[in-house]
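Consider the single chain below, provided in structure tokens and representing the form predicted on its own.
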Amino acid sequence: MANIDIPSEVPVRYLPRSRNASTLIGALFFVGLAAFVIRLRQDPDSAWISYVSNWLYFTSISIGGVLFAFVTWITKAKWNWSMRRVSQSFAAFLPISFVLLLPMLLFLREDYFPWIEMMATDAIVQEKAAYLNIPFLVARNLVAVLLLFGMALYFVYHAVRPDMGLTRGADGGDPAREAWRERLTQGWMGQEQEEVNSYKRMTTIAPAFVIVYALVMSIIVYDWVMTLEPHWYSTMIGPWFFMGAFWGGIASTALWSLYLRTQDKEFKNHIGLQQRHDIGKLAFAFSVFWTYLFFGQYLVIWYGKLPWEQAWMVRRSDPESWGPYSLLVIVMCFVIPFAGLLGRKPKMKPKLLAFFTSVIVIGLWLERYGMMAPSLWHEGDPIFTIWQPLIGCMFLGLYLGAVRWFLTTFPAMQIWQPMGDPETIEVELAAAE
């Protein structure tokens, strides 16, 4: 990654408020909500499949983006200084995601989880009774998701708080920004002390978050995807799921950053060639890694020749049903981004980078649906219907609204910058003296 100098004075800039954007976001939400209600009356199973797959996707994108902020903080990356706040802004969707999880825990039972009925007669499923039971499923999802989201929000809070002391009088008298400044500056200890305190707390929590992220995202994919075929199991589906979420967070950060460049000349100046090139390299690299994880899972299952393990792959590769859909996912998640981002030019040209990262996020949306829907599919049912994207509009509207609210309320580029830790050799030399 490029190591670049950060300006001594970072300009205070917010994403401009837009009535047209708010109208569009509201329209997306109400169209999606209406579609879900209508489909719930027509075909409840199909409605819930669309709901859960969209929840998995938008939660993945949001927490993956926050993970990107954590990872670049741990590695002390400087190249993305102008994009840090974009990744942090995805945390605004997490409280909404938690609320959207509650109906899934309250209403989904036998029609969604086949192991509930199988528990009475299937000896293999009975062996998993300690894990596969509704009280434990609800409890572990609530506790695990609250822990993960809480850590993410705690990190973002400390990333934003020092900026509140540097933006007084720079918000144009916006009452919402002033109100949030008052909330976030309670117990203010002074600018320098706040920056030191935030830096220490963020640095302490970041490594722990990465571990919790891997564990909780694995629990989510086990519960909402793998248990839909109770005899099937895979040790690779957890990494495949949470690394795909990380990749989606990187691609979404790129898209939002490219959008910011169109809103203000300061964004355009500071989200420059080096930033686009570096995040383009990451988007390219993780297209290869996603394929590695997918093929690693496929190869072990196929080589093992175990019927229970093969069933999951066979169902998704059947040329008469899900095979073409799975092929489309591979094309959009690997072939197009790999070929498109291989060279230097597509990473640096805003329109080309926006196109290929858009392909990635759409491909991952299709992948999340393909992870779970075939397990609940019955012969004669359609593979994909218009209801899937229509219901997705509800989630898209909430996600866009949350991120836009964050970037219009708090500086869209982080104003304060982390202190520089001395390198190990410098510490040793100082101790020797």
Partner chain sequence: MSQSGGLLASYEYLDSTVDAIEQLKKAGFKGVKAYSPYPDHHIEHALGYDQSPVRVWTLVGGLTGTATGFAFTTWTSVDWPLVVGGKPIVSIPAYIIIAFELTILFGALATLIGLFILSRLPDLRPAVVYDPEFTAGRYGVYVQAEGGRLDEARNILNGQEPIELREGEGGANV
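Numbering follows the first chain given and starts at 1. Just so we're clear, the structure is a prediction, and the values are computed from it rather than from any experiment.
Just so it is clear, the following notes concern the form predicted in complex with its partner chain, a form of the same protein that is not shown.
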The one residue among Val99, Ala170, Leu342, Ile362 placing a heavy atom within 4.5 Å of its partner chain in the predicted bound form is Leu342
So which of Leu273, Met189, Leu299, Ala179 reaches within 4.5 angstroms of its partner chain in the predicted bound form, heavy atom to heavy atom?
-> Leu299
Is there a heavy atom of Phe107 no more than 4.5 Å from a heavy atom of its partner chain in the predicted bound form?
-> no
Can any non-hydrogen atom of Lys305 be found within 4.5 angstroms of its partner chain in the predicted bound form?
-> yes
Proximity to its partner chain in the predicted bound form (heavy atom, within 4.5 Å), stretch among 290-298, 181-189, 350-358, 150-158 | 290-298
